[in-house]
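Presented as structure tokens, the chain that follows is alone, the form predicted alone.
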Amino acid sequence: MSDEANEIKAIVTPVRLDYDFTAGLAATQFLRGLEQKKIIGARSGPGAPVMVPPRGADPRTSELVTESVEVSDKGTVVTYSVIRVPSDNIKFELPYVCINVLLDGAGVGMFHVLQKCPLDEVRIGMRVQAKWVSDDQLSPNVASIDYFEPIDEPDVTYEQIRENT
């Protein structure tokens, strides 16, 4: 048998990485807001887009964020993917939909999961709202939003969200 036929192309090996994460001011406000059913973004100044989740600086201009802004838990689907691959850390039954939702008042979309919607009815422009976990399960974690679900509001046109798709 040749060496080429015995070539090892992949291995499976367990990997573990323990680390501490310092959230910083903007992310801390975002996470503390989630445990109060509030979504807190940040921007670098008046007129600048509100980033959700916030960063310490605007990724486009590198300007430090200076203002916290509460945005709605309603938004518009700007992109989505149907997930058909299992993952140990995802609790949703396959297939499910991962969405990039532009929350009302935000200038940047955030990723989450869409539920309570047949796959063939998911579409760009669909209006959705966060479904929060019960009050006793709220924590400073994005998992405080259990998922997003469709709401009875007219779709947003592509022209209105074009810059965010």
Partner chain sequence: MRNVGIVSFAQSNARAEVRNEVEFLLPVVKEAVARSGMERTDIEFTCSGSSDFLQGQPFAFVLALDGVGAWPPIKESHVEMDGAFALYEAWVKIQTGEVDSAIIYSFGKTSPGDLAEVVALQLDPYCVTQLWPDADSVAGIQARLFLERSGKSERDLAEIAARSRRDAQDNPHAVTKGDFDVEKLLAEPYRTSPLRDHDCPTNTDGATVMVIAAEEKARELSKRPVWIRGIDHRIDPPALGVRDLTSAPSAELAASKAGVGSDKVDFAELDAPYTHQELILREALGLADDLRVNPSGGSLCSRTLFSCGLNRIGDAFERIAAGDGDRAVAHATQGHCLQQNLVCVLEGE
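Rigid core (definition): largest C-alpha set, two forms, superposition within 1.5 Å. Positions refer to the first chain, counted from 1. Keep in mind that what you see is a predicted model, and the values were worked out from it rather than measured.
Keep in mind the form predicted together with its partner chain is missing from the figure; the text below concerns it.
Its partner chain is not shown here, and in the predicted bound form it never comes within 4.5 Å of any heavy atom of V142.
Using a 4.5 angstroms limit between non-hydrogen atoms, E35 is distant from its partner chain in the predicted bound form.
Although the partner is absent from this view, K116 stays clear of its partner chain in the predicted bound form, with no non-hydrogen atom inside 4.5 angstroms. Taking non-hydrogen atoms only, T22 approaches its partner chain to within 4.5 angstroms in the predicted bound form.
Comparing 134 to 142, 102 to 110, 118 to 126, 58 to 66 against its partner chain in the predicted bound form, the single stretch with non-hydrogen atoms within 4.5 angstroms of it is 58 to 66.
Of the candidates A130, V97, A26, V50, A26 is the one whose heavy atoms come within 4.5 Å of its partner chain in the predicted bound form; the others do not. Heavy atoms closer than or equal to 4.5 Å to its partner chain in the predicted bound form belong, across 96 to 121, to no residue whatsoever. After superposition on the rigid core, displacement of the C-alpha of D20 between this form and the one not shown amounts to 2 Å or more.
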